[in-house]
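First, one chain by itself in structure tokens, the form predicted alone.
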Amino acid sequence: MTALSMNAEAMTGSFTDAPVQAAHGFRAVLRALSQPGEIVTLSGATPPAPMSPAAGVVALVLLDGTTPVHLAGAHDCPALRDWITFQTGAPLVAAEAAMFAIGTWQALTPVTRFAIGTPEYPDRAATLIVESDHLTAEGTTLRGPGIDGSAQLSLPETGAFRANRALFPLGFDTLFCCGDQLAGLPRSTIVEGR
């Protein structure tokens, strides 16, 4: 794809102070994954719709030319394809080949099609970047590493995350985005009923 055939919007919406904003964004992603249920705020990216600013920051700090990404549902649109390609260089692939996948929970299901790693290489699992309509510290109870006692998070369902935890140390990791907010749910987290 040439720059002339690419949508002009693809060339905008990135960090204005890349070293500082990328460092802050990466630290926020690490915090969200190391403290499941905690909601952090991200800023600095304005990707095309329907991608949220938080998901845009996640894409800018985690994707590069070696990280295949899958765009699901409405996120698989020309504007986002161009933006991801121009801003990160990440190759766009089918769900089964993705290291990262971006979309709503409905568009990403069934999640069993995403990589869960292997016993030799559990790190070769997918990370799902789930775009949510709301994100609150209430609802489903979470326990496990990085959580002092318990935490709560509004999850789209519990069954898939319980099944994912049963695969540990294999399984996918999840980042939930809503507007400029982000929360993490690593595969090590125990998901309990409401």
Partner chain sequence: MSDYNFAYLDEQTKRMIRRAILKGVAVPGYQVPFASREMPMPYGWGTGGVQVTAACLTPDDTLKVIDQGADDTTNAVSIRKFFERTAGVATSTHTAEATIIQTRHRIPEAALSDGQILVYQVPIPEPLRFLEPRETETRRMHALEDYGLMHVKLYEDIARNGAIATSYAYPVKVEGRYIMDPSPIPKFDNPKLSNTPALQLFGAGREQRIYAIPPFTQIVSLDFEDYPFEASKAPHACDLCADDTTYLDEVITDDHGGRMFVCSDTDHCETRRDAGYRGRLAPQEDAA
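Source: prediction; values computed, not measured. Numbering follows the first chain given and starts at 1.
Below: the form predicted in complex with the partner chain, not depicted.
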property	result
Contact test, all of Val29, Pro122 and Ile147, partner the partner chain in the predicted bound form, heavy atom 4.5 Å	yes
In the predicted bound form, segment of 155-163, 132-140, 59-67, 46-54 with a heavy atom within 4.5 Å of the partner chain	59-67
Heavy atom of Leu33 within 4.5 Å of the partner chain in the predicted bound form	yes
Met11 within 4.5 Å of the partner chain in the predicted bound form, heavy atoms	no
is_contact(Ala126, the partner chain) in the predicted bound form, heavy atom dist at most 4.5 Å	yes
Proximity of Asp180 to the partner chain in the predicted bound form, heavy atoms at 4.5 Å	no
Contact set, 162-189 vs the partner chain in the predicted bound form - heavy atom within 4.5 angstroms	Phe168, Pro169, Asp173, Pro186, Arg187, Ser188
